[in-house]
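Next up: just one chain, as structure tokens, the form predicted on its own.
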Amino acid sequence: MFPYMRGASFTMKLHCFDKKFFNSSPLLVPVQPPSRTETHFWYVLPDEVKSEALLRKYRELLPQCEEKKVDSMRGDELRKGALLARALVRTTIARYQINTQVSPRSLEFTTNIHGKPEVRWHHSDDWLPPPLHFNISHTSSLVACGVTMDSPIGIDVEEKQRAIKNNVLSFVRRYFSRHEVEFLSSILDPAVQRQEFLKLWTLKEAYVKALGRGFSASPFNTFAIRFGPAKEGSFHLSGNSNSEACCKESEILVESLDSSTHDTSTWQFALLELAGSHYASICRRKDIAPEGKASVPMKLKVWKTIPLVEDKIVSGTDSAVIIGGLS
């Protein structure tokens, strides 16, 4: 999401809650939590959610303070997006808490010091909270949630045809690294240049969100995204045996340009095209491999969903095409 658009979007503040639990939540299909090397990615297209009755069900999943935040948005589109984002997060996380019977409404959230949302779990003597991490991103036409276990995660989505008010090169000279400026300047076709800029933007956003520090603490010109040759066997899409045809692009690396930052080699990326209309980037920490062995590639499972109505695994289909990464 571009800086000049932040004021027009909603900030997802999930730290509030009430004590009135929602005990009659609709049935959610249980999902096995992702393994240490796996990432789950869920997305919903707002235009496909047309039922007013369903939108009312989503409102019933929210505590009163979150309902007020949704109602405070200006315009029907922003209110609907805010509602869908909150409903997607709550229904997605609730799927993984089968044994504890956590309902979507009973979930409580907090934020870290930089504002990144996190689940607030209640510890007990006979139950330890799961090491679940999530992140959310949205445009007016797509809302997404990524989930991992034992690994921080950041995601970002953008429309492929998103209007860009600024001249691309003027914009990247201000915000991006010299390497990225040179890369984009070498592309003479304006349409191709614009698409490559959007891909880079989503990757950089996902990385900063995975760090959990925010744009101000991790300026985009303090690190560079680089594309390298794809490693053989570096791609793995869960749920579809035809995924190999989608996975012929590049490895994605991040390089720190600020010596004070931490080791960038511990992160891995995935870059996708969703529904033929959006770019999506995922950044997560690599699973630590035994000494002397290569790091384990990221496994990815993607669902297209309408919460409380239907879920469809779209990994390896035209609805979730891998462009690069996963190594």
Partner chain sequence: MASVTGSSASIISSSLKQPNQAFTRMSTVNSVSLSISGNVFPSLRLRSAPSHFRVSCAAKPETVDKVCTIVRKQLALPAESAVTGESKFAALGADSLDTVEIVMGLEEEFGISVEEESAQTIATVQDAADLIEKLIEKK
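Everything quoted here is computed from the prediction, not taken from an experiment. Residue numbers count along the first chain shown, from 1.
Keep in mind that the form predicted together with its partner chain is missing from the display, and what follows is about it.
Across the options 124 to 132, 250 to 258, 182 to 190, 168 to 176, residues that bring heavy atoms within 4.5 Å of its partner chain in the predicted bound form belong to 168 to 176.
This chain is displayed alone, yet in the predicted bound form one of Lys116, Lys199, Arg105, Arg95 has a heavy atom within 4.5 Å of its partner chain; that residue is Lys116. Under a 4.5 angstroms non-hydrogen atom cutoff, its partner chain in the predicted bound form lacks Met149 among its neighbouring residues.
Among heavy atoms of Lys69, some come within 4.5 Å of its partner chain in the predicted bound form. Contact between Ala82 and its partner chain in the predicted bound form is found at the 4.5 Å heavy atom cutoff.
In the predicted bound form, its partner chain sits beyond 4.5 Å of every heavy atom of Arg226. Three-residue candidate spot Arg86, His138 and Glu158; every residue lies within 4.5 angstroms of its partner chain in the predicted bound form by at least one non-hydrogen atom.
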